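Single chain ahead, by itself, as structure tokens, in the form predicted alone.
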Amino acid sequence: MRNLSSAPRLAVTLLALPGLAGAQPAGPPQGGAPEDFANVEIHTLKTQGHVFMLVGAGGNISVQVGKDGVLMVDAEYPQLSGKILAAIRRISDGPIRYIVNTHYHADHTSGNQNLRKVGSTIAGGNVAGDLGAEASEGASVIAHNNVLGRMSGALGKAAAMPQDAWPTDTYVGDEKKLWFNDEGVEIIHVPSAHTDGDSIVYFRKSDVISTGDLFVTTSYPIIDVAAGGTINGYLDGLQKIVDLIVPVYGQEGGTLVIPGHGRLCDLGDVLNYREMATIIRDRVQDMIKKGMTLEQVKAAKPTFDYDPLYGTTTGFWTTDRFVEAVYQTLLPNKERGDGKK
């Protein structure tokens, strides 16, 4: 794969910006927040077309810019909103019109409230410049309807976020489409994968895909079983990403992929990750068919040859937790008792 580590990066410092209060998220973020946000830098990488990648703490942010303004995918933590906005202003001085959330976890969504407040939505039209369109206060926050359910507490035991951070524009079904900055933007739902509300965002003209945590390079697949995630749904999501990609030379170049966590990727990276997840799924499935318990499966180490790349015994998503999630979501319905596939 191409070496992207040498691409220029832009570090920005915290600006004292009005309306960017560092509100704390309700409940712990999925990935574990850094202890000192003051030391976090936001790095900016131009991918291709209209799309940039911002890397800080929490989930990666995709930013599409142009004459209509700014569209963001995910928003990281509220304590970083000033730095994120400063990074965006190095790219564009246009208004933030849309924030798309790929799922509900706090490391991708808890910055919604701050960044939405400094944006504006175009009412009565799809983009800025539409005849008769007027700007209203606050950017539009778009997500699958299950994201609103998780963040509001309608799905689950309690509200995960304050109301000002909730999506303002939800969709149900397979997808939502926008025309923004002279390109089609497809927001595609993948059910029962990382969670039950995952979206892939495909910038068609720029040829860039923002995956959220349906694809990461820093760990084994993160499967939130309590929020409807499953290993087979996760593999379906990886296959959907593969289906959208058009490579240049075999697997090299072409469509670029911004993962939920980790470095900029292309087809070969996604294929390798899909192969790893499929092999481990098949191993665990075979062990279940042989009647092995979860502890026996763990002892058999179905991930052993991939542990040097993705395994860990520390942090919120350990190898054991991954194996547990795979095992639980492959059990027959009658053994799991939750009715999920």
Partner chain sequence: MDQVRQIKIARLPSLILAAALSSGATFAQVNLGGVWQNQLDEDFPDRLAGPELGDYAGLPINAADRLRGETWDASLLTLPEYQCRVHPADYASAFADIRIWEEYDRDTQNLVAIHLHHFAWGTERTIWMDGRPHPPEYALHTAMGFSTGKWEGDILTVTTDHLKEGWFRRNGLARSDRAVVTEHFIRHENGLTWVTVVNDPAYLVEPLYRSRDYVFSVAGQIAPYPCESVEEIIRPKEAIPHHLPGTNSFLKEYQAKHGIPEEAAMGGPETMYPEYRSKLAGAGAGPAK
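Residue numbers count along the first chain shown, from 1. Keep in mind it's a predicted model, so treat the numbers as computed, not measured.
Beyond the structure shown, there is the form predicted together with the partner chain, which is absent from this document and is the topic of what follows.
Taking non-hydrogen atoms only, residue 297 never approaches the partner chain to within 4.5 angstroms in the predicted complex. At the 4.5 Å threshold, heavy atoms of residue 268 reach the partner chain in the predicted complex. Although the partner is absent here, residue 137 is not a contact residue: none of its heavy atoms lies within 4.5 angstroms of the partner chain in the predicted complex. When the partner chain is considered in the predicted complex, residue 50 lies well away from it, no heavy atom lying within 4.5 Å. Interface residue among 40, 45, 288, 65 relative to the partner chain in the predicted complex, by the heavy atom within 4.5 Å criterion: 45. The single contact residue among 161, 87, 256, 200, judged by any heavy atom lying within 4.5 Å of the partner chain in the predicted complex, is 256.
With the partner chain omitted here, the record of contacts in the predicted complex names 257-265 of 112-120, 146-154, 257-265, 171-179, defined by a heavy atom within 4.5 Å. Counting a residue when any of its non-hydrogen atoms is within 4.5 Å of the partner chain in the predicted complex, there are no hits in 80-109.
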